[in-house]
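Just so you know, structure 1 and structure 2 below are the same protein chain in two forms, each on its own as structure tokens.
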Structure 1
């Protein structure tokens, strides 16, 4: 298993974990017995048990077809229908994926994740003369942002390819039987993939919602699933002290009870910045309710050591850090000697960039701990598909356990409806 959790610098005493032991056992039982709040949205918990291999094979075939034919693959979705796919694609692909010429897979762009006329008109300008495939992802088909974007894309594709051509190039990921998008797909003959009923948006990255875009970008989804399914077993132990996923959940809640209101997820690898965005939705939407919640923030180091570093070192002590550390990136460069050592870097010659980065992390950890910031570490053996799958499950399960300890329903999002209600009223939407 490629994930290690380290709480050495958490400032949490053993007996504080002891107090948590029974609460964690209870949360585990609620989750696994499906007796806790929101239990009808726990399909992600044991996905391996009811994974549909036939459907998955069809998905991979479709991904192959898209990879062979498209210059641009447009993913239309918002929230859980956007962040997971983008996070994994950016984490595991080439750092400048969309700039590679003569790539074996299409460029991937996202739409329907904002309401910007500038963004959408700029997007059409870029793709108008290209081969385009579209994946529209929405359970209902009436969520405002993706629905508006798809209305434009449907017209664009039909004008470009005709009705028959568009039909072949539009894929709908939606509810298995009901909703506007399902209906649209049926009438227009789009191929569809199913968003399971028992998995909410923010837990859906390992369903077709995430798997199709990820596969199109030429990432090995078999390995992602293997990593996730192995993690199901590894993190199924209800003993806090033998389950690192639960240790992370318990540590967060202990720190919050000590007045640490903000959790800062750090990384030292730029391609992880959208993993942090995905994580923010997972934890923010799950736990921020009933007047409670740890505010999930993120920084990208070492860039942000020259930005938020000052605050973290020396600002208000209401924060803790969770460091997402990759041991092995797979790519590296070695610093060479220079005759004139004007930049005074010769002491690093023969060292790899990754080695310097590792020391930057260690030095930062020491500094922030000295500055009284509790630090947790989630260390990942290697930046690859298998470990990414495990990490996704690790975070999902820790979130559910943490939410039950906090005393909220980690699977609903009642607060999201309020702005929609106001917006619809202002827009004059018929009842």
Structure 2
């Protein structure tokens, strides 16, 4: 994995990076010495040093059991409790993995990430006659959206399998020792996996929160962890100019100080659309506070070039782009010659779709830079488990460094509580 900064050269001068150098060193020290705000939520930083291998083996055994016995695996969670897992599952699986009848893994569906009676009703219609396992993910067990969904799923599973059968098919990923879900799991005999105390939801994809659903979908989690653990070492250098992760964080903050306060994450591969959703939560909750923050947006190209492309090219000039480019996808198709050529595409005969997509990216990049939009390019060698683990760690660490440079706590989310207070009051929740 590497980053190309060439298309920011006309927007960021070399001396601006020099000015940023001491700030990056300080942010690095705050993070690694655990002296910065939110330091009690930095367990993801050196996860390889305290990774629970025994729990991981148990997790893989459970994933094997689920793959052998389930038609559907339901993941109940919201925010960081589902976005990371869904991002990896959709990025690394077949584009239509839930439509393949003879699959090596169950179909993975998600619940508890909205408050929609229609969505939940439709979901039960799909799974009512199928073999089902449920993974409810919540540190507290009282988060409204997943708690509501789990009430219905608990009843569904007990009616379908009986209490004894249901307890073998419901898995709780929750706090080690406290909380409503932990208590419920203990009372009902559910197998549990731990959300570490020192890792917040949006940084939790490399814990059982993400690893169990990912493993159930038959993705090699060993390789994901290897990529992430190697990235720990690669991005541990406090020298700004020798650490591309820190260069990305610094570039974002330099551009932000110049009025570029919206970052648009772009991709040219539909499989990456939920990577963007995970990334938006990671940076939105981490940086959007104290009246500060770069607004994280995303587009899926080339589709969104026919909608958002006009705004990006000619709209307000407070944006920059970060492009996710996959160099090797593993699958492709070649355009063939047509005798009549009514669609005027014979000039592309013999070329692959990936080649056309690559030229679309290059043409868009040139146009947007000319339109005063700085562009960073993250190049990923291959869309596989190892590179996905590396990308996850890269974004997590860059987010922490960027937050400290900005002067905020990148590990809390006080603003999330406001809508809850208002909603609970309107619903008449007891104090």
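Whichever C-alpha set is largest while still superposing within 1.5 Å between the two forms counts as the rigid core. Source: prediction; values computed, not measured. Numbering follows the first chain given and starts at 1.
Between the two chain copies, the one drawn from the form predicted together with another copy of the chain is structure 1.
Core-superposed comparison between the two structures: CA of residue 413 displaced by less than 2 Å. Relative to the superposed core, residue 9 undergoes a Cα shift of 2 Å or more between the two structures.
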